[in-house]
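The chain below stands alone and is given as structure tokens, in the form predicted on its own.
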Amino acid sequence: MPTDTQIKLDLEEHLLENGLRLIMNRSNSSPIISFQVWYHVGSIDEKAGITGISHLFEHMMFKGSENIGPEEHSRIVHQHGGTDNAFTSKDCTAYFENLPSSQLELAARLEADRMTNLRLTANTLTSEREVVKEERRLRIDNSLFGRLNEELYATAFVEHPYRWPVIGWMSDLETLCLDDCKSFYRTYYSPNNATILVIGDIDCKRTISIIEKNFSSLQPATIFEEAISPEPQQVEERQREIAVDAQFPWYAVAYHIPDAAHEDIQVLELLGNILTVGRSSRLYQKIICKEKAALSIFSSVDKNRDPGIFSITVGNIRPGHTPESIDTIIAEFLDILKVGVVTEQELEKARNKIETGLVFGLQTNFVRGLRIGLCLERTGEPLGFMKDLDRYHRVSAEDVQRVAKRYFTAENRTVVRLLPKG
């Protein structure tokens, strides 16, 4: 597989006087661009009482400005042959338009307009609040996976903002007011709290000129860097059981791990792949194929600005098996990693799966922009994912053993079970 010495991505940067950062990557393979605006605000920047405001604001940004009517932003983009959307995460909020390269100035004009002229009204807040509440019901309240994942983070974290969901607690969504939204907009939606990525068929000098023309007059905001409560080290196992309307139990276990910039993250990604990805993976073979104990299993490795968790989730545990029996199997397999050795074949297979997904994604402007933006938000390095390629190749069986011993300890465990009522 290729490494960062074999794949070259050339970036050009430009900083406006108002603090707006522009990053460009030129690729003339097709006459298309991805225009992305990354605001450095996510649920990590929220406080108890206003959880979910970052995601709610993602919705508000499509409800019109002083110059453009509600939903007109998307209609204009589609009318010119493009697509648009947005997403909110724990660490950032991003908006994007994928358009013909001839429409670069259109994208810049639309994004500059809503960066400074957003129309915030009580009616808009009321309607979007209901949309987000319904989204929460669908994705979390009425989803076994969503409920389990929410409870896992709320149990694993006791101080850090990662303990609440990106979509927010329902009680906070119901009480967010217009003044909260106006204050949030003034604080975080400013040029000095944003990075623009323009990826694709561009001329860099012309792109800088267009960005300067549309954004240089926007005034920067005064942003106070509030200290985020660090998560204290977990010193004993945490467990939580929840009765739900379900036919079969669900189970999840989590361990605290470092932030995205730490070199152990790539080891954990490979380790999770060896355990749960594909029919030949160790836990899939044991729990799904041999024991026929559940219908699904997967693992997740947080790659966040601050330390996150490594988790394993087992869904729909079949009759004759229990969350406790699943817990025993997983604990045994994690202990094996501390004393046994993964084979080079297992490591190579895991590397190939991860690297294939990474490299293939770089073929499109949009995903290339996502890679750059996410790395920038998580580690401060726009091309950090290129370093990851070499890190995967440097991981040895001894590294897997070391990491398993370091993080998979009894006092670092959090276990959550969803149990059918009755």
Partner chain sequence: MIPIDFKKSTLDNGLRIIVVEHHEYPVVAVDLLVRAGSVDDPQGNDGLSSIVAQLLREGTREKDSFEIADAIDFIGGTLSVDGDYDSTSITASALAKNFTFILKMVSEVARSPAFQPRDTEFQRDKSIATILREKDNKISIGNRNFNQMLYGMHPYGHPPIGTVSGLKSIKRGTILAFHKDHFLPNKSILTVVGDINTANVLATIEEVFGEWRREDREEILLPPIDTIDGHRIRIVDKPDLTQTDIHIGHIGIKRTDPDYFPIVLLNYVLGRGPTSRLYTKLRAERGLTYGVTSTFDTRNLRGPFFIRTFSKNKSAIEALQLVLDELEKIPLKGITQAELDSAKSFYVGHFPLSIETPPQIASKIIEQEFYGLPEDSITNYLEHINAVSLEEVNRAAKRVIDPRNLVVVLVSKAEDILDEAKVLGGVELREP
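Numbering follows the first chain given and starts at 1. Since we're looking at a predicted model, the values are computed, not measured.
Keep in mind the form predicted in complex with its partner chain is missing from the figure; the text below concerns it.
> When its partner chain is placed as it is in the predicted complex, which of 58 to 66, 45 to 53, 388 to 396, 369 to 377 ends up with heavy atoms within 4.5 Å of it?
Replying inline: Only one stretch qualifies here: 58 to 66.
> Does the 4.5 Å heavy atom contact test between residue 135 and its partner chain in the predicted complex come out positive?
Replying inline: Residue 135 belongs to the contact set for its partner chain.
> Is residue 177 close enough to touch its partner chain in the predicted complex, meaning at least one heavy atom pair within 4.5 Å?
Replying inline: Residue-level check for residue 177: no, no contact with its partner chain.
> Does residue 142 reach its partner chain in the predicted complex, with heavy atoms at most 4.5 Å apart?
Replying inline: Result yes; residue 142 sits at the interface with its partner chain in the predicted complex.
> Closest heavy atom of residue 284 to its partner chain in the predicted complex, within 4.5 Å or not?
Replying inline: Heavy-atom contact with its partner chain at 4.5 Å: present for residue 284.
> Looking at 295, 336, 329, 208, which is the one with a non-hydrogen atom within 4.5 Å of its partner chain in the predicted complex?
Replying inline: Selected option: 295.
>> To verify the annotation, which of these, 158, 235, 122, 289, has a non-hydrogen atom within 4.5 Å of its partner chain in the predicted complex?
In response: Checked against the cut-off, the match is 289.
>> Heavy atom within 4.5 Å of its partner chain in the predicted complex: which residues of 63 to 82 meet that condition, in order?
In response: In sequence order, 63, 71, 74, 75, 78, 79, 80, 81, 82 come within 4.5 Å of the partner.
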